[in-house]
Structure formats: structure tokens, C-alpha cells
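Given next are two forms of a protein chain, the same chain in both, each as C-alpha cells and marked structure 1 or structure 2.
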Structure 1
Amino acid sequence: MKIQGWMFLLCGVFFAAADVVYWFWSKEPTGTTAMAISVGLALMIGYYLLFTARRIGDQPEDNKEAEISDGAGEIGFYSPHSWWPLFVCLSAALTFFGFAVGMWLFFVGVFCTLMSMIGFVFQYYRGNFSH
């Protein structure tokens, strides 16, 4: 994870330099803002990867002498099937549609989005699939 973290940090530095050059060359605020957002995202991901690498220690991808089999084993828990992402997306679409059409529909969409996000987060705490 350390290599990936440093790569994202270096990409963030490159994007920052390109953003400064772009601003002085074009004076266009939209592209400059979009590039500034990419700087922030790259630096955020790089920081997260380095922070996580420090917390969990060396991984097989950090070792130059590692074999493919060193990364074998359980990686984590992934949901085998879940309907909640569909409901989150539909309710988010309803929220944005309500923002364009009317505020009453926007508030209904916000409520549906919150409820579906709560269901998504807590789906394995109740019912047949609880641990």
C-alpha cells in the first residue's frame, strides 16, 4: 500500500503543478477548479493509503521479492447479494429529480435516501444475515 500511496501523492503534486500552469495560461475558472478537485482527491487517497499502510503493516505488494501466493487468503467480507445499493441509487435519483422539479419531491427523496442508506449500512445486523 505504501507504493500506491506515494504514487497518488506524486500524482497530486503533478496535478497541482499542472493546475497552476493551466491557471496562468488560460485564466479559465472552470477547468482550474476541476483540476484543483483532482489535486484534492489524489492527495486524499494518497494520505489514506499511507495512513492505512502504517496501521496494518507491510503487505505483499510492498515486498519486491513477494510471490503471488503471498497475497492469497481471505481479503475481507463482501456481500454476496444485496438489494440496498439499488434502493440507494433510486432514492438518490429521486432526490436529484426532486431538486429539479419541486422541493416537496426533494424532501421525499432525501428521506428515502437516508432510510436506504441506513438499511444498506445495517443490513447485516438484523434478519437472516446477521452475524
Structure 2
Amino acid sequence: MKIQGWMFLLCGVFFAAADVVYWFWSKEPTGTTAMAISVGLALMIGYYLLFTARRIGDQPEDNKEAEISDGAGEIGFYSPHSWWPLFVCLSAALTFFGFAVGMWLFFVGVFCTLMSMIGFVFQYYRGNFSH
């Protein structure tokens, strides 16, 4: 993970240099602000990857002699199937539709969004798959 971290840090350095040039060339605050925050975008990911790399040690991708199979194994928990994201999106769409139709529909949408989010967050906490 070290290489990925450094790639993002270098992007941050590039954005910072470009930002300084941009400021002295244009004296314009809007783009300078936006680009300064892009530095934050790159440094945040880069710092986090390097921080994680230091904590978890070398990964297969850091080792030039590594085999593909060294990266095998479980990556994490992924939901095999779930209807909840669909309901969350439909509720969100209903909420924003409410802005066009009327505030009553907006509040109906907010209620549906909260209920479907509860379903999404707790889908593995009840029923067959609860733990």
C-alpha cells in the first residue's frame, strides 16, 4: 500500500505547486480555494493509505517477488443480495420529487427514506441472518 499512498501524496504536491502558480498568475480566490481543497483531497487519501500501510505491514503488492496467490483469501464481508439499496434510492427519489410536487410528498419521502435506511442498516441484525 506504500506506493499507492505516495502516488496520492505526489498528486497533492503537484496540486499545491499548481495552486501557488495559479494564485500568482490570476490573483483569483475562487479557483485558488478549490485547488487548495484538491490538495486536501489528495493528501487525505495519501496520508490514510500510508498510515494504514504502517499499521498493517507489507502487503503482497509491496513485494516484487510476490505471487498472485499471495493475495488470495477473504477480502471482507459483502452482502450476497439485498433489496434495501433499491428501496433507499426509490425513497430518496420520492423525497426530491417532493420538491417539485409539494412539501407533503417531501415529508412522505423523508419518512420512507428513514424507514428504508433502518432496513438497510439492520438487514443482518434480524430474521434468518441475524447474529
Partner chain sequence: MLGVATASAITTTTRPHGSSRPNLVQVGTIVWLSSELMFFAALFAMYFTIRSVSLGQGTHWPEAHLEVPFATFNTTVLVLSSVTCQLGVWAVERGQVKKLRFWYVVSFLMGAFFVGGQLYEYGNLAREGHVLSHTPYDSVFFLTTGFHGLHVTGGLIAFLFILGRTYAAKRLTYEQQTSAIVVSYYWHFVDVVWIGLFATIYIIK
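We call the rigid core whatever largest set of C-alpha positions still superposes within 1.5 Å between the two forms. FYI, numbering is relative to structure 1, first residue = 1. The structure displayed is predicted, hence computed values, not measured ones.
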Of structures 1 and 2, which is the form predicted in complex with its partner chain?
-> 2
Rigid core superposed: Ala17 CA moves 2 Å or more between structure 1 and structure 2 = no
Once everything's superposed on the core, is Tyr47 shifted 2 Å or more at the Cα between structure 1 and structure 2?
-> no
Rotation (degrees) of the smaller of two rigid parts between structure 1 and structure 2, from C-alpha fits | 17
What is the magnitude, in angstrom, of the C-alpha shift at Trp84 between structure 1 and structure 2 when the rigid core serves as the superposition reference?
-> 6.1
Where the core is superposed, what shift in Å does the CA of Phe97 undergo between structure 1 and structure 2?
-> 10.0
